[in-house]
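As a starting point, one isolated chain is supplied in structure tokens, in the form predicted alone.
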């Protein structure tokens, strides 16, 4: 949503930005996300998707979430099929190139059960950037070469007051809550990201609340030894949840790669009957497990260890 600058300032002033421990459980963190909230999702496609937090929100029965992400994958399908969201703002929506167009996305959008609001890749990034900057919009050129602007009621075009050339304007995105997964952070929320940061830094600064899930919580001393790797500062964070394999079956750079066999089986199950396939998947992996560890147990130790071996091979000499 686009907020007036004075409203953004008011929300900022009201936030507790003190240096304090913010560690909590998945269930406690999910309670910070109310029905109807706008939720920004960190990572991109299969990379650093905060799936553990999405898992917790779906299990908690959240409804009417408006979700925004730079590029969406299977998490969008699960949000639609579970009823947690009926509106996804993104620039691309599919499990992945090798699996083809999302059958769930097509089924839900073509029947009017959900809305896929499609912006360009750059436009989504600039919308989060505008939200982080505290400005109501940013200008761009790229969408002018297509009919995307015409399909989006929230996009505008103007004649530049300096050059006279036509520009597209994209409104700021200021999510109520951002969900971001990182390789490591301390108990205060100082988060370090290895590999591509995607839109996560802007997302963290644009959102009113930030929930961090992390592969591991480390000491503040360790964070201070590599300050250049700290991308999200503690004062932007409201909750920290330690969740090993918190992106599975997606990847977390340098820790584990995607679980391709699992994703192949997921895609195959949706091929004959997408609606029944994803209902069965949600029942097996989201509703039946007693805990996140139980969820990982259902995925299987062999697949997790193989993904970790492949992911950590980038550090081999």
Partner chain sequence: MTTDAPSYTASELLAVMSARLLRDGQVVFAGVGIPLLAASLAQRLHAPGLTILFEGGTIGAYVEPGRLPPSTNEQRCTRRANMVLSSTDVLLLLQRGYVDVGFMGGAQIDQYGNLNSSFIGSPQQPATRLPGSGGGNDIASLTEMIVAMKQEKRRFVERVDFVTSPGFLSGGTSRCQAGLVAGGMFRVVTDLGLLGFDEVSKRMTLLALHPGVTVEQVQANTGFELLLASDLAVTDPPAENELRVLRDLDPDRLYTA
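Positions refer to the first chain, counted from 1. Remember, it's a predicted structure, so these values are computed and weren't measured experimentally.
Just so you know, the form predicted in complex with the partner chain exists too; it's not on screen, but the next bit is about it.
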Notebook entry, point to check: Of 226, 113, 216, 121, which residue is found within 4.5 angstroms of the partner chain in the predicted bound form when only non-hydrogen atoms are counted?
Noted result: 121
Next item on the list: Using heavy atoms only and a 4.5 Å cut-off, determine which of 91, 192, 208, 82 is in contact with the partner chain in the predicted bound form.
Entry: 91
Item checked: Contact segment among 170-178, 216-224, 95-103, 239-247, judged by heavy atoms lying within 4.5 Å of the partner chain in the predicted bound form -> 95-103
Margin query: What I'd like checked is whether 30, 33 and 276 together line the partner chain in the predicted bound form, meaning each has a non-hydrogen atom within 4.5 Å of it.
Written below: no
Notebook entry, point to check: Taking heavy atoms and a 4.5 Å cut-off, does residue 163 contact the partner chain in the predicted bound form?
Noted result: no
Note to self: Can you work out whether residue 289 and the partner chain are in contact in the predicted bound form, taking contact to mean some heavy atom pair no more than 4.5 Å apart?
What the structure shows: no
Check: Does at least one non-hydrogen atom of residue 285 fall within 4.5 angstroms of the partner chain in the predicted bound form?
Finding: no
Item checked: 4.5 angstroms heavy atom contact with the partner chain in the predicted bound form for residue 185 -> no
Check: What residues of 35-64, in sequence order, lie within 4.5 Å of the partner chain in the predicted bound form by heavy atom?
Finding: 44, 45, 46, 47
